[in-house]
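Take a look at this single chain, the form predicted on its own, given in structure tokens.
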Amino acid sequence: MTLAAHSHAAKPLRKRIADASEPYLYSAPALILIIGVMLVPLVLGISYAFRDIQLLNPFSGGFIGLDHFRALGQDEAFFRALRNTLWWTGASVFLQFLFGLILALLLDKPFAGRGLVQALVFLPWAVPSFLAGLNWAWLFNPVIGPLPHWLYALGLLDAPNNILSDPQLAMWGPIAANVWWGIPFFAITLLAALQAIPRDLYEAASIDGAGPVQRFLSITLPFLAPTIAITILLRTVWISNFADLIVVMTNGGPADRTQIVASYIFTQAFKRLDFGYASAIALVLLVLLLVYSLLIVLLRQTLLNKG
């Protein structure tokens, strides 16, 4: 037996237990906070999906099994909200990424006053979403806002009306506000990734005769690919759960044309006060987003293995 092993065996059992548990004691406050703030509400919310929780019904609260999910399978408003969520999320993420990438490429080039321009570009990200929704609702109001008159002058509208009250166009109002509010996220993250690309790669490609498009496709895009995958994944999950702008600007109307799953959960929970049904909808949304995230991660891992 070595000296170290003999010394370890000679330690009292209580001392060995204390030494082994010391790292966990240091992390215990953070673990307790995470459990109290995140896991406990999550477990309670999942349990509500299988119970009849209605605030205006003093006799509710009993276990009802899968009744909420059976009702959800026949809820046309839910499926309409699900289709609206796909439109809302897809259009918002695509436009945010497109304009964010353009801004990042422009801000990556040195020019006079770049610091000031960066501050102005990133300003929307600092505006509270509730305030952003109010501002854009005012902008689309033809009485006090200029946007309907500008769109009418451009020939995009037949009359300077509020598109938020038009069932065919209403969704574009929150999407425009969401794109304006979310562009800085893509611009910041992609600009950081751009500045990490070695500049000598561009110099070598220029010497070899590569043009701007070739340099972008062969150097910039491959270096940005991991950042693009992560940012699109994050923004898709966030925007799918992001109902602030819709609640403030349209409240899901007109005729539920802007109702997404997240705002439908808000409606069921805080207007109809049916927390059980709202929790069932939230659980379905959680499962769908987990499946989406898993597919994106598996696709990214497959592409990395092939590369």
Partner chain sequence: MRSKPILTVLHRLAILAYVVFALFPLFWLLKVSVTPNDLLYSEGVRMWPSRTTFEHYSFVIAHSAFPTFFKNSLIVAGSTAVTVTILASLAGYALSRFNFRAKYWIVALMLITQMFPLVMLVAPIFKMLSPLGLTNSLPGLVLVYTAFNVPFATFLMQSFFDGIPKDLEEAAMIDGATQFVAFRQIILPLTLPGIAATLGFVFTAAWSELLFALMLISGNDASTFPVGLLTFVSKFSVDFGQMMAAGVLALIPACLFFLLIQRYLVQGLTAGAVKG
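Take the two forms, find the largest set of C-alpha atoms that superpose within 1.5 Å, and that set is the rigid core. Residue numbers count along the first chain shown, from 1. These numbers were taken from a predicted model, which means no experiment stands behind them.
The protein also exists as the form predicted in complex with its partner chain; that form is not presented, and the subsequent description refers to it.
Using a 4.5 Å cut-off to its partner chain in the model of the complex, not one of Phe59, Ile64 and Ala159 places a heavy atom inside that distance. Only one of 163 to 171, 71 to 79, 137 to 145, 86 to 94 places residue heavy atoms within 4.5 angstroms of its partner chain in the model of the complex, namely 137 to 145. Residue contact check for Thr220: none of its heavy atoms lie within 4.5 Å of its partner chain in the model of the complex. Its partner chain in the model of the complex comes within 4.5 Å of no heavy atom belonging to Thr231.
Residue contact with its partner chain in the model of the complex: Leu154 places no heavy atom within 4.5 Å of it.
In the model of the complex, its partner chain stays beyond 4.5 Å of every heavy atom belonging to Gln214. Although its partner chain is not shown here, in the model of the complex the stretch 103 to 133 places heavy atoms of Leu103, Leu106, Leu107, Lys109, Phe111, Gly115, Val117, Gln118, Ala119, Leu120, Val121, Phe122, Leu123, Pro124, Trp125, Ala126, Val127, Pro128, Ser129, Phe130, Leu131 within 4.5 Å of it, in sequence order.
Core-superposed comparison between this form and the one not shown: the C-alpha position of Ser27 differs by no less than 2 Å. With the core held fixed between this form and the one not shown, Ile17 has its Cα displaced by at least 2 Å.
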